[in-house]
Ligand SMILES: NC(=O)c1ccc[n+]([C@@H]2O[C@H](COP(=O)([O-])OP(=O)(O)OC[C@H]3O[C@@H](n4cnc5c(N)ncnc54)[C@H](O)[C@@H]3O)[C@@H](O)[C@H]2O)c1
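Next up: a single chain in structure tokens, the form predicted alone.
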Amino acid sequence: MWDFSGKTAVVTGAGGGMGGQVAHDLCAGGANVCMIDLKDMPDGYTGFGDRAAYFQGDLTDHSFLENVVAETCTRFGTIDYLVNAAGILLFDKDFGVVDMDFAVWDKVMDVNLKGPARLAQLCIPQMIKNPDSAMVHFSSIGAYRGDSKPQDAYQASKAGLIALSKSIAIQFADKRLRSNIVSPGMIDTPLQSRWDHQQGAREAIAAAVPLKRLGQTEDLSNATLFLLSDLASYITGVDLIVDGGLLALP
């Protein structure tokens, strides 16, 4: 349903989960896709030939990111889209601020906020050369609420990403570069493998969602590809919440 032929995208977190789904769907839609992740390249991209370029490395390594952007421009000539989907959630180390180990805080901020900011810094000079370029950053509904089991570094990093996206949207609107957020709710991805160890966890969580199901990676990919596409050409600076209605609950 999507046609991104001739476009080039940079996607972080492309080694699986939501970022992997976005990268795959952009390739399937005809785009050239530069994929970034610490993990090995997953199966499923061989059918896209030279349009799929995978770079394995650390999002916190600025030199690595510089090399990726330079290589992407050499291979494909341009960058039209940026999707910052990578993120970490350290369930067993990320606590409330009173109990926080600020080495953990710094690690989460480096991956979830500084990494996307650095990649935006590198990609924007290329993107503004093209009319109707766009970026999507992955936040979380955790940025909008407290939690009885807080992960303050994660939640603060995702809230910061919303502010960054809105600032980019206004700074570069006159260049026709759009910047938006998607905020996932309870999505069934490898990040939530902890549910496998709790009998009935998936069923209980799905029952608490107004739409009565867990989100799937396709739900986030569809939202992301819409925001990148020309169908969203008059949308910038927004946060598209993809949570099955959780934040609408009283």
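No experiment lies behind these values; they were computed from the predicted model shown. Residue numbers run from 1 along the displayed sequence.
Beyond what is shown, the protein has a form predicted together with the ligand; the following relates to that form.
Quiz item: Okay, which stretch from 167-175, 80-88, 98-106, 117-125 lines the ligand in the predicted complex, with non-hydrogen atoms inside 4.5 Å?
Solution: Comparing against the ligand in the predicted complex, the contact stretch is 80-88.
Quiz item: Within 4.5 Å of the ligand in the predicted complex: all of L38, L59 and P190, by heavy atom?
Solution: Yes: L38, L59 and P190 each sit within 4.5 Å of the ligand in the predicted complex.
Quiz item: Are any of the heavy atoms in V111 no more than 4.5 Å from a heavy atom of the ligand in the predicted complex?
Solution: Judged by the heavy-atom cut-off of 4.5 Å, V111 is in contact with the ligand in the predicted complex.
Quiz item: With a 4.5 Å heavy atom cut-off, would you call G237 a contact of the ligand in the predicted complex?
Solution: It does not: once the ligand is placed as it appears in the predicted complex, G237 has no heavy atom within 4.5 Å of it.
Quiz item: Within a 4.5 Å heavy atom cut-off, is S140 in contact with the ligand in the predicted complex?
Solution: It does: once the ligand is placed as it appears in the predicted complex, S140 has a heavy atom within 4.5 Å of it.
Quiz item: Any chance M18 has a heavy atom within 4.5 Å of the ligand in the predicted complex?
Solution: The answer is yes: M18 has a heavy atom within 4.5 Å of the ligand.
Quiz item: Of the residues M186, V69, C27, A53, which one places a heavy atom within 4.5 Å of the ligand in the predicted complex?
Solution: None of the other options qualify; the answer is M186.
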